[in-house]
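Next up: just one chain, as structure tokens, the form predicted on its own.
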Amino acid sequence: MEELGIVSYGSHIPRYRIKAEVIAAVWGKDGAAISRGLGIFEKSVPSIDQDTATISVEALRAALKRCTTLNPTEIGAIYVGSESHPYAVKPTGTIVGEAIGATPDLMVADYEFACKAGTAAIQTCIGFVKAGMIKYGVAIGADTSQAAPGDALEYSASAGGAAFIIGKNNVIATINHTLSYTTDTPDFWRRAEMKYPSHGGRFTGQPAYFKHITNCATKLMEKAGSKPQDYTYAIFHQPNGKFPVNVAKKLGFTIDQVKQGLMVPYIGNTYSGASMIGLASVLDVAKPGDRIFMTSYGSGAGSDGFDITVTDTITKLARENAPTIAQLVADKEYVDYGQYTKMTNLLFWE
């Protein structure tokens, strides 16, 4: 069987952090109770000069540093999934392509499907590579997510992203199966020209998040002929620290399978980057033969599922050439609420 899958990967997480208790104190709330309730202790904050484009560039540069034999001119497509593209009319992907030295013979598109836009980009790259239309495709999930001051989302909406190079040569992890489950479920939305999103409160859990991930994951295991015990690691979209753990248990996965990819308690919800950063964290420690199960979720609503097997080639990938997720998480500097509002332009329009 022809190998097709992940050739390299890289991530970027802004180094600034704000603690959930600091946000809670501004609004006169119990920070400790909120942290326990959400399973989030702190979140990443983009600096004043960071956006989805800069995060995407840094993530892809990290992926290229790890794969020393790949020339950027061999990349035939770049798809950037985000719900916080810096321009309403101008693609983020063109900036990324120029920054990494790709040729103009390049397919580029920006994707938007809430928090699963990046995994949808992976599926697109799989199709083009499999069809022989391109040699390598790049799928990026990145966000500098928004939340209105005082809204429940303010404790989780954060910044970060991951880039995956998809191809047939020097594959470190084969993508054996992928499957999606999609319905029109308006649990979370942001209308054009609106600065902050709206959401359906508890409705975002059920029937939104849990219905879509459960159905997608179940159908994927049926397609793959697998069961939870067949996987070394499992990654689920992580809007907070509790949803992915609960859905994992519901599906029959254990916390030991989930914990390596569970980053939201330490960096918050990076939206389009969330499940992909979790996958990057797993690949940081994965060994040949490890099997990985990943299901993303995007509001509006849909899930993408992936069955992945790590190959012997991962031992040849220069993983040490770029920071691991653990290193990116550990490299941090705390800010207060005033600095946070300035960095994120929280209270004013530009």
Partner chain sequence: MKEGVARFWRQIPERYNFMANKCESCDRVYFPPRESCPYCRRKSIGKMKKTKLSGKGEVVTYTIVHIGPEGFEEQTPYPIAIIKLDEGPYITAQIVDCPFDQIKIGMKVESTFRKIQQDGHTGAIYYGYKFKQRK
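Residue numbers count along the first chain shown, from 1. Remember, it's a predicted structure, so these values are computed and weren't measured experimentally.
As for the form predicted in complex with its partner chain, it is not shown, yet the points below apply to it.
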Exercise. If we take heavy atoms and a 4.5 Å cut-off, which stretch out of 146-154, 261-269, 95-103, 219-227 is in contact with its partner chain in the predicted complex?
Worked result: 95-103
Exercise. All three of Phe41, Val245 and Lys249 touching its partner chain in the predicted complex at 4.5 Å, heavy atom to heavy atom?
Worked result: no
Exercise. Is Arg61 close enough to its partner chain in the predicted complex to count, meaning some heavy atom within 4.5 Å?
Worked result: yes
Exercise. Hey, in the predicted complex, is Thr54 touching its partner chain, heavy atoms inside 4.5 Å?
Worked result: yes
Problem set entry | Proximity of Thr313 to its partner chain in the predicted complex, heavy atoms at 4.5 Å | no
Problem set entry | Lys19: touches its partner chain in the predicted complex, heavy atom cutoff 4.5 angstroms | no
Problem set entry | Residue among Ala33, Ile48, Ala318, Val285 with a heavy atom within 4.5 Å of its partner chain in the predicted complex | Ile48
Exercise. Can you pick the one in Pro186, Pro86, Gly127, Pro207 that has a heavy atom within 4.5 Å of its partner chain in the predicted complex?
Worked result: Pro86
Problem set entry | Heavy atom within 4.5 Å of its partner chain in the predicted complex - qualifying residues of 326-341 | Asp331
